[in-house]
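Next up: a single chain in structure tokens, the form predicted on its own.
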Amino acid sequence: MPHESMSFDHLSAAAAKRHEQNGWPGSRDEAWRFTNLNEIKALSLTPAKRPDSHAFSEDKNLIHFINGVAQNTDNISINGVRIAPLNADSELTTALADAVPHPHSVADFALAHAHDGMAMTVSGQVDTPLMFRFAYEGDGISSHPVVVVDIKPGSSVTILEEHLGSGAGLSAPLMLYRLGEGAHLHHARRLVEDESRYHLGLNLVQLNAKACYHGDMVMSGGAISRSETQVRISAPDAEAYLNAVYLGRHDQMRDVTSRIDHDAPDGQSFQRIHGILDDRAKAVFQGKVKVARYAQKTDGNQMSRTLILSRQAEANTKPELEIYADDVTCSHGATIGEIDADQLFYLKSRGISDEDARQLLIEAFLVDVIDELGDPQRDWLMAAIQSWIKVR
């Protein structure tokens, strides 16, 4: 049931109560079975304070967040883009309250401790890509940015979202993207925080009729990194595309979780998840596609592939299809394997060094995902992938 008009303070207080009652999930919680949060639970976390001074950037398309707080929104000067504190926009605050699943540990934690959120409205065709740069720092500091982006009917925009930082702290971003009828969003994300940090993020996407969401992500940083995306297709002819690359080494944990709810007919969703694990790294991809009884002619597909570079690495996949309609095309698949020894031998026999041969095969493994990316997302995301490969 939709909420009545709600203030951010009311939303925050309700979330704080839920988080106090439920806390962080444990191994008995099915959605978190593969991701052990004991390291995070052991931290003594202090919510980040509002910075005394604001960072300034001359880039007219860059929104800089420091420990979750937006810094230079007054400097954004792009036609069709309006930014305001979320607390000043009761409509979008209420929309966020309706979108957040209850209970949800990450969402409740972020809302409970956020000072405020950022509300952005996009109208018309925005040709200049917007950059969200989240910078985190500090041991034992938790940061909880809350952002709502409302893309009006027929509008389109590209958003490049980057998370980086240092210190043994927790980043817990909560994002909501609402796409009106016929709206388009190209959304690319880089999670490249230092190995000492922890990242638990929730991304909510709502699609109206004929709306299209392209979500692309590279996850290569953090001791434990979990990115959860929930997409709701609530009107006919909407499309959602999720592409993700996760990269892990040492003792890192990678968690890519998705849920796509087809609640209307003629919807399409495609997920392509590729991962590379080295040393003792662990990872899980768990993706659920749910098709309601009246969502006929749905096309939903997901594919997960993982390349293991070490016998000590561990990969888990948990695809789910929950289908109540009878006229649908849905599928899922998963593969986990090592570098092909014959291919490696062939390259080395042509005079290519072992390290260069491995790098070529790793890059070839990612071709399916990279080829799906458009400009400027391709080069921007590839830079994070190449940086990870080169430090092997």
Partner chain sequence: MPLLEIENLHASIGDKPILKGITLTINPTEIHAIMGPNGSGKSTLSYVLAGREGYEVTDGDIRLDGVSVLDMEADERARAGLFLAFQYPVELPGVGGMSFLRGAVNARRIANGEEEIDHIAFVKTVREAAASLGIKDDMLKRAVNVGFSGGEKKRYEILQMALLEPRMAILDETDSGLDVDALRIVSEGVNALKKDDMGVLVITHYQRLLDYIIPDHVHILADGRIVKSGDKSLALEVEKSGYGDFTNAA
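Positions refer to the first chain, counted from 1. Computed from a predicted model, the values in this text were never measured in an experiment.
Quick note: we don't show the form predicted together with the partner chain, though the next part is all about it.
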Among Leu43, Leu360, Leu37, Leu62, which has any heavy atom within 4.5 Å of the partner chain in the predicted complex?
Leu360
Distance check, Gly26 to the partner chain in the predicted complex, heavy atom within 4.5 Å
no
Is Lys49 close to the partner chain in the predicted complex, meaning a heavy atom pair under 4.5 Å apart or at it?
no
Arg33 within 4.5 Å of the partner chain in the predicted complex, heavy atoms
no
Using a 4.5 Å cut-off on any heavy atom, which residues of 342 to 365 would contact the partner chain in the predicted complex?
Asp342, Gln343, Phe345, Tyr346, Leu347, Lys348, Ser349, Arg350, Gly351, Ile352, Ser353, Asp354, Leu360, Leu361, Ala364
